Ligand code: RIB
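Here you get one chain, nothing else, as structure tokens; it is the form predicted on its own.
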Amino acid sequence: MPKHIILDTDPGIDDSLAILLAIASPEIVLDGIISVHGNVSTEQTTKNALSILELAKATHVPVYKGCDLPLVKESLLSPETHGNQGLGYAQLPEPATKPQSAYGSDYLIEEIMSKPGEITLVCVGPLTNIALAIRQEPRIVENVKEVFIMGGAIQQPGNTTAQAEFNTCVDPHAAHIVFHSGMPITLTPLDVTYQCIFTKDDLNRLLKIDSPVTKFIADSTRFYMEFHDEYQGIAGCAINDPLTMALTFMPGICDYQNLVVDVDISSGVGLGNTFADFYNYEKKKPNMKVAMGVRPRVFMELFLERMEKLARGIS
């Protein structure tokens, strides 16, 4: 049976690749997308989500606009990483489709409460919408099937500050609410995603297929690769969000530890730092399963095969 997934996202280059992977994966039914602030404004992430769905011939998937600001701190966008429009050098037409009228967190609550135990939630942006939904309707915690979150850096350096990963850094207070909610969480931190590098050889393999899909991947990831090279000395780019999507149907890509995980919401240099109590000094029950090991080329082969199949179907 395919998994029914709601994707909460801030497209974003690798977010867009996660959307394409979901569309290309028969194990998944993408019930809806909720946009959130992050890589660019929510106005832009909403447009990007609609444009990616149009690119993939998947306009049946509804898009709901979510929060445009973090719960407490000031906004933090990342044009240097994803470009001013969020999709690198890619230029997609203005979407012909429109977002749904319902608000993102309201849609999330309605879906989870009307289908208890059926909805898998995948979160690859700041967790503002999810935290707001928990505050509005705490019962979603016990009625969601499972939650996959791309966020945090446990033993890996941060990619936004020395300690903090971007999604968690943008809205650490929302992450704190979600982490401590009791939801059944699987966390995909930078510890594993930064081992999954999409290389120029991978891109050249996709470009053997002439398709709007492969052109989009090339134009968007070229910007992303330039950022990784300039700022982090990485040849290629880490495609964080597609790995999280893949774990929903192929969990064996990663190895996991059940850990007590928290996020720093104090002011100062540690704000947004995600950390784990590996020795459980405070004798707390683990609050999530954390991917701490990965087979990167197994994942990359899956991703490439799915993108090739999708591209061949869209000319």
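What you see is a predicted model; the values in this text were computed from it and never measured. Numbers for residues come from their place in the sequence shown, where the first is 1.
There is another form of this protein, the form predicted in complex with this ligand, and it is not shown here; the text below is about that form.
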query	finding
Contact flag, N159 vs this ligand in the predicted complex, heavy atom cut 4.5 Å	yes
Interface membership of N167, this ligand in the predicted complex, 4.5 Å heavy atom rule	yes
Contact label in the predicted complex: N240 to this ligand, heavy atom within 4.5 Å	yes
L108: touches this ligand in the predicted complex, heavy atom cutoff 4.5 angstroms	no
Options 240-248, 209-217, 177-185, 108-116; stretch whose heavy atom lies within 4.5 Å of this ligand in the predicted complex	240-248
Contacting member of L121, C196, V124, L87, with respect to this ligand in the predicted complex [4.5 Å, heavy atom]	V124
Residues of 1-39 having any heavy atom within 4.5 Å of this ligand in the predicted complex, listed in sequence order	D10, D14, D15, N39
